[in-house]
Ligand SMILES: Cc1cc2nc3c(=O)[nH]c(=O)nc-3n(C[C@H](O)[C@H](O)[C@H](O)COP(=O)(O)OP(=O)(O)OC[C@H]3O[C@@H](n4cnc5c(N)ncnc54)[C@H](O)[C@@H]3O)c2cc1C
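The chain below stands alone and is given as structure tokens, in the form predicted alone.
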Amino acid sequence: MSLALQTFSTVKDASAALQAAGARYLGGGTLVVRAANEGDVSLSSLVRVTDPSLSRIAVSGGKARLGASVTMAAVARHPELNALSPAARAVGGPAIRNMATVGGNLFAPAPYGDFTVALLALDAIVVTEDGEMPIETFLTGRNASRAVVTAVAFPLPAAESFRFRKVSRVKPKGVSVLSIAALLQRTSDGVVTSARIAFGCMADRPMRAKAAEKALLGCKLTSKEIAPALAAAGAGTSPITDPIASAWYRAEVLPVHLGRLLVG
């Protein structure tokens, strides 16, 4: 079966083309092209958009907006996105980061999607041609979505408030055993007043660690005080099993690496 490539100048036209059976959106191609090369017979056409607005990064007023076609390499080198640089650099090696896009990462199945874990912790908004929605809502229904993602937007985290950690067996570009992102607000004496924690590989898509978040409130980031949060870290998770690690192993090491992230 031949594979057609359709190129459009507008998101509206591309969205219409995507309604056809077998059509898939082509961003950086790191996932969909591999699927085609591996013989995915459900693919009949790839749809891409050349609208330059999809590749723009806008930072102003303490907020950032990343077009869906912005690459991980562009995020990693942007001087006003230093907080997100570790998450962007966690995606593959240099060649992959030059292709992999923000929009594509939103659809990446576990064990991929490390950048989306960071966006989930930051409470990002996902923008499509149909409107906007919280990233949690988007991730819940992403497998059924046919809408074209055009951007993500989020408040820039305050200094030292955002943390990210990827655990892999192969350095520096191995597939994730798990990834963790945390956005923590603290008082001047270090007491946690607000926490958003996200996990990758602990379900089939990035997920919030709401039990651990709740247990952190009112604590200082010491080994003793975060112990209840570590004990609650696995609540509601359903880790994946793949050639990299078993579900059992991921569940066992999760509190260890969450503790390292929190204590520093």
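It should be emphasised that the depicted structure is a prediction, and the values quoted were computed from it without experimental measurement. For every residue, the number given is its place in the sequence shown, counted from 1.
The same protein also exists as the form predicted together with the named molecule; that form is not shown, yet it is the one meant from here on.
Residues Tyr25, Gly92 and Ala147 all lining the named molecule in the predicted bound form, heavy atom within 4.5 Å: Yes: Tyr25, Gly92 and Ala147 each sit within 4.5 Å of the named molecule in the predicted bound form.
Stretch in contact, per heavy atom within 4.5 angstroms of the named molecule in the predicted bound form, of 153 to 161, 190 to 198, 100 to 108, 77 to 85: Only one stretch qualifies here: 100 to 108.
Ala209, Ala68, Met202, Ala229 - the one with a heavy atom within 4.5 Å of the named molecule in the predicted bound form: By the 4.5 Å heavy-atom cutoff, the listed residue in contact is Ala68.
Proximity to the named molecule in the predicted bound form, single hit among Met72, Leu178, Leu139, Leu120 (heavy atom within 4.5 Å): Residue within 4.5 Å of the partner: Met72.
The named molecule contact at Pro134 in the predicted bound form, heavy atom, 4.5 Å: Because no heavy atom of Pro134 falls inside 4.5 Å of the named molecule in the predicted bound form, the answer is no.
Cys219, heavy atom within 4.5 angstroms of the named molecule in the predicted bound form: Close contact is absent here: in the predicted bound form, Cys219 is far from the named molecule, nothing within 4.5 Å, heavy atoms only.
Lys224 within 4.5 Å of the named molecule in the predicted bound form, heavy atoms: Judged by the heavy-atom cut-off of 4.5 Å, Lys224 is well away from the named molecule in the predicted bound form.
Close approach of Lys166 to the named molecule in the predicted bound form, 4.5 Å, heavy atom: Within the cut-off, so yes.
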